[in-house]
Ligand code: URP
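Quick heads-up: it's one chain on its own, the form predicted alone, in structure tokens.
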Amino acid sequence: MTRTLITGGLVVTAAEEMHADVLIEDQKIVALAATGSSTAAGWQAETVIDAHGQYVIPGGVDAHTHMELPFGGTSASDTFETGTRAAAWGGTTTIVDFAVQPMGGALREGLDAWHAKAEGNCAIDYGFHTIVADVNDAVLKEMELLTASGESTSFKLFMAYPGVFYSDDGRILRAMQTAAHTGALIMMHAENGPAIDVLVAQALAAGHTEPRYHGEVRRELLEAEATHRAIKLAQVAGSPLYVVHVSAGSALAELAAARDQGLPVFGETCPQYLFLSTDNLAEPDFAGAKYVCSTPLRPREHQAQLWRGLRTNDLQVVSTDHCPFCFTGQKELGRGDFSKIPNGLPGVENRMDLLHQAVVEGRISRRRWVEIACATPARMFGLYPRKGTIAPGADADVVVYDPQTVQVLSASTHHMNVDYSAYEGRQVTGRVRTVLSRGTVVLDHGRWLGRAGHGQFLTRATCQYL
């Protein structure tokens, strides 16, 4: 048995803050005691980590990443090895990625492909949602079996991308009906894809080819309409619903109205919608392509609405939708045609720091920071209390966080496998100092100590809010 002791830090969870020592045995947290107490004074350990003046928080849970995702004739530039290592550098110790059902194939086929990509390559623990691209009787049966086994208990459908991932309302309803009786969680990309495709074709025909038109054709109203429709379909099916990457104030209003009615509807937003805007999409010389993602960045006034939604709990989770494509050679595929720009931004390394900056600026509290980045995503996707908290019995996924250090975000210093930073030159206060993954120190004072293959695949329970 190996013992590790973290002493003197301010332990921050979603529920409380206390100056406490944390005792770890092998891979698990076994006890907490007030710093300076007789109980803590009696603890002995082979490794002692001094956390005086630091926060001690649960490792982050990023429930929305896309490592090695094929998209638009290319693939996301982060592998499971590089992406999970970058996540750990940023204080995230668990990711939930998306296995993609091939069109006409089985969910099993997609999961097997993603297991092959990830197994033996991840620096931190990981799980899989399943993207359902082709709803049929066999797939609905697979959904039941995967939920029962815990291999995948959440399933993503798309109202966007006709011809790629798109499902019509009838297919969506059938998947929701299955989720209603199995306890699975339906995740929804809520944009009206057929209407967007019309607007894309019209924009290109008018000679509007620059990246900023990506944001103009994927209109806010089409996100709000699809969100409303998804909520109503879920209501008909009696199914819970989790809407991913909410970017528009009007879409958030649909979620808030549904939650006011007591419906089991949940929403996620991402750092890019909280910190970036259409101003970035309009950057000259094709630089706006760096910020092309879907749902798209919105005008700056939407940011205040999203922050308010996080404070009122109409939005419960901040994930990254990390899906990086290099500017050189990948984003450039869309020169002369914005619709060919691969959709996605890097961010898995930046999330915890950006959200701490919101603590510094008074937008959210420390406990809310931990709640939206660690505890709630763990609960939402059936991982709590193994993940997302610091408590006896939890996995020893722990971050010692320096709340005072100032850093400048930059592609020259980040560890994501992408040639630009969406937050280049942004100064933030706070930085990860030490990271433990299941009791193993994988990062300490700027030194990488982790390894590919340390991360384990996580089976999951169903959503713990239902």
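Everything numeric here is computed off the predicted structure, so don't read it as measured data. When you see a residue number, it is the position in the sequence shown, counting from 1.
Here the subject shifts to the form predicted in complex with the ligand, a form of this protein not shown in this document.
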Looking in the predicted bound form, any heavy atom of Tyr161 within 4.5 Å of the ligand?
yes
Is there any non-hydrogen atom of Asp78 lying within 4.5 Å of the ligand in the predicted bound form?
no
So in the predicted bound form, is the ligand close enough to Glu254 to count as touching (4.5 Å, heavy atoms)?
no
Distance check, Asp395 to the ligand in the predicted bound form, heavy atom within 4.5 Å
no
His64, Cys323 and Asn343 all contacting the ligand in the predicted bound form, non-hydrogen atom within 4.5 Å
yes
Per-stretch contact check against the ligand in the predicted bound form, the hit in 109 to 117, 204 to 212, 255 to 263, 315 to 323 (non-hydrogen atom, 4.5 angstroms):
315 to 323
Of Arg379, His189, His302, Lys290, which one comes within 4.5 Å of the ligand in the predicted bound form, counting heavy atoms only?
His189
Of Arg298, His245, His129, Arg351, which one comes within 4.5 Å of the ligand in the predicted bound form, counting heavy atoms only?
His245
Pull the contact list for 135 to 156: residues with a heavy atom within 4.5 Å of the ligand in the predicted bound form, in sequence order.
Lys156
